[in-house]
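The chain below stands alone and is given in structure tokens; this is the form predicted on its own.
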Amino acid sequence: MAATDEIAVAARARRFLAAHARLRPTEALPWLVAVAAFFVFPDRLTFGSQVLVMALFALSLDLVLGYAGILTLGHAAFFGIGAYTVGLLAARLDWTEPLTGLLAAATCAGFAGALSGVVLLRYRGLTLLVLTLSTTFILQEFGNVFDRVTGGYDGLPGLSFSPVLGVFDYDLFGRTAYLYALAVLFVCFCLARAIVVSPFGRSLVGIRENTARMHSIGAPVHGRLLVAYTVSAALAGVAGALHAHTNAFVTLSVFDFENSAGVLVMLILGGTGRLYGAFWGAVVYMVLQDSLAKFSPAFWQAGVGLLLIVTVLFARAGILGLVEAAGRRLRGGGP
């Protein structure tokens, strides 16, 4: 009977993973919107590329926060490492090829994530928040101290990069930067989706929901959290590299607390643990920030803060949570 029960459980697990791995038609919507924006807003593509960069940054955070339950306020550290990797390679070594720069940024940020994760992931809650935040501050100060290399707070302005694939040169209208950022985001999203729908991804959810139970069944909790943290750091590094490629400069502001806090707000707005929440959260946050800053440069954060309060009080699952709840009501499935 025990063997029969194990076979039944395994079969249910396979069906569960297959159902979640199946692509749904609604998943095409964000990509169709992104492609349509290229044609509808040709004079806003520079801003659009920054939205895509932040969507990738938020996606990287969702892997550890939304799925693995790792609370961090220091994800900007990996974003900054990725940005400075391609910036220093271009400025000091004349390594300007974009795609290999992305790989170098992912490698450096991923290595930093693995190295720091060995220690940091042994802690939880407030301790982990403080340690991750402090790590980012330390990196920022190191960048200031070694200003002969990093440029200090002046950063690395006027960076120049080779055409993408040796063909598509960066233009003043931001067309190449937008399509380049969109293509990289799509590839990274496919990787993230493959991870979260895999047995490894479901085990991360199990760790998030009940760490003690995962320990009791023999799951290597720390090892799996470390792998997720490393992959997330690598994706954040790619986002940082894209930031440098599309802006042609890097400053120590990439390590600012506002960067870590901002991407966390994006996830809260969009909905954690959903992947696509990173898309809609980044769009809402960036568009709201841009619009309110034009209306009142000194108080735009008040508008974002008000929206965040409303979201936390009345839509804890974020924008996608509201959409999913509305869909269930329409199908007659209740709240």
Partner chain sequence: MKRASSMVLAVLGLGVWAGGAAGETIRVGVVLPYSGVNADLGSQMDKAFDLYVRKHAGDIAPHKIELVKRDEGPGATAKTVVTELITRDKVKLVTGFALSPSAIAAAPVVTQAKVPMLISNAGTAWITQLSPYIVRFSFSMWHQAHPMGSYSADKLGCKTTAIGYTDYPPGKDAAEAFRTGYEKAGGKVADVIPMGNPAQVPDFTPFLQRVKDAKPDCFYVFVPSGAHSAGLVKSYGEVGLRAAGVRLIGTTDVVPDNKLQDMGEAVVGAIVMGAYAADLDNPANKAFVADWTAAYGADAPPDFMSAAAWDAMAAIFHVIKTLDGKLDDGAKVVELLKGYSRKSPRGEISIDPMTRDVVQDERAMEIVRKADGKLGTKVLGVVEKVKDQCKELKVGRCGQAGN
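Positions refer to the first chain, counted from 1. Predicted, not measured: the structure shown is a model, and the values here were computed from it.
Missing here is the form predicted in complex with the partner chain; even so, the following discussion is about that form.
Of the residues F168, F249, W95, F111, just one reaches the partner chain in the predicted bound form with a heavy atom at 4.5 Å or closer; this is F249. None of 291-299, 29-37, 275-283, 57-65 except one has non-hydrogen atoms within 4.5 angstroms of the partner chain in the predicted bound form; the exception is 291-299. The partner chain in the predicted bound form comes within 4.5 Å of no heavy atom belonging to S162. In the predicted bound form, the partner chain sits beyond 4.5 Å of every heavy atom of H75. Although the partner is absent from this view, F173 contacts the partner chain in the predicted bound form, with a non-hydrogen atom inside 4.5 angstroms. In the predicted bound form, N144 approaches the partner chain with a heavy atom inside 4.5 Å. Contacts between 50-69 and the partner chain, taken as any heavy atom within 4.5 Å in the predicted bound form, involve only Q50.
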